[in-house]
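In structure tokens, the next block holds one chain alone, the form predicted alone.
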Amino acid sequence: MKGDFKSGGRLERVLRAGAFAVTGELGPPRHADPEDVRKKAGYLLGNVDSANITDNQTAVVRMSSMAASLIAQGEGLEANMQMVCRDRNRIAMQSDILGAAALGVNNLLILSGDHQSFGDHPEAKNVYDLDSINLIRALRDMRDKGVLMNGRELPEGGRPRLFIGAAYNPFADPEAFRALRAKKKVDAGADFLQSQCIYDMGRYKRFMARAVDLGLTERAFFMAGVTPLKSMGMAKYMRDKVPGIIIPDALIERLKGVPKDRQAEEGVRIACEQIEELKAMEGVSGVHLMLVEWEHMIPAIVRQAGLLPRPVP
């Protein structure tokens, strides 16, 4: 993956240097007080190379991802601003992208977004003017060709510097299609991809082998999603209620054999074992730690997993 830097940000430099990257996740608060963002940023700073700033995740109204990204970057934490297709049309999305880039936010992760019926405004109308693949393509064209979706050219020096991210899910059905779905996002212009939470390591290995065979890992950086299981109850809920999550029975049984007050500790131990396995897996360029509302555990996990100190690219 040679070539000029797309953004020059820390995450891109770490990945291009061949280091094993670590990203985290920071959920903005459901209010306007910036101190929550600053507090969470403190847990991630120095422990991750960039932090995803979620965009009204689970379709719940929160502080905007752009505002929270700016607050986080003011604390020294590089932001990876999420943008979902659910809430904006192409005019608003292109406008927000230009604004974010002008303010120094250069990592963007594009998502379709959770359906509004699952959130706190189920009566809201979704937009979905673009799907994630078409928005990724639009970002690439803004950056590389200097044109908006209507063909209007951006002035010299007015192109956004962007490192473009996408999500991928190795566990949805049909399994054989998952790598091809990721390929569409790479073809559209994704520079890096972060996965859904991984618990079924066997199936993830099969996905990555297919991605390697297709040459995708030579064109984009693939990061593996890791979310520690806090309890057996959480594991069962995610297995039974969350689409696209596969939790093997062996993990349920392992947590079942641990006292309730030690299950979170065991979940962290399992996550660290997974990270060690992911480090050695061909095509995996890093891990994405998803601990929304559990950000205070990030320092302990990266230390226990041997991910410190973070490289200085």
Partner chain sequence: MIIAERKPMNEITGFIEGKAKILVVGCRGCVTVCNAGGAKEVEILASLLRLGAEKEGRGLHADELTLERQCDPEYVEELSQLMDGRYGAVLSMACPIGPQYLARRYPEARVFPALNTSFLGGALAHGVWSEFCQACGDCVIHLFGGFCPISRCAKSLLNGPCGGSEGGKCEVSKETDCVWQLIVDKITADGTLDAFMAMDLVKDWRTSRDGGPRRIVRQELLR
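Small disclaimer: the values here were computed from a predicted structure and weren't measured. Numbering follows the first chain given and starts at 1.
Just so you know, the form predicted in complex with the partner chain exists too; it's not on screen, but the next bit is about it.
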property	result
Non-hydrogen atom contact Lys236 with the partner chain in the predicted bound form at 4.5 angstroms	no
The partner chain contact at Arg159 in the predicted bound form, heavy atom, 4.5 Å	no
4.5 Å heavy atom contact, Pro248 and the partner chain in the predicted bound form	no
Partner proximity in the predicted bound form: Pro174 to the partner chain, non-hydrogen atom cutoff 4.5 Å	yes
Proximity to the partner chain in the predicted bound form, single hit among Gly189, Pro228, Gly113, Gly225 (heavy atom within 4.5 Å)	Gly113
Partner-contacting position among Ala92, Leu103, Ala209, Val242 - heavy atom within 4.5 Å of the partner chain in the predicted bound form	Val242
Location of the partner chain contact in the predicted bound form, chosen stretch of 68-76, 151-159, 228-236, 115-123 [non-hydrogen atom, 4.5 Å]	115-123
Residues of stretch 47-77 in contact with the partner chain in the predicted bound form (4.5 Å, non-hydrogen atom)	none
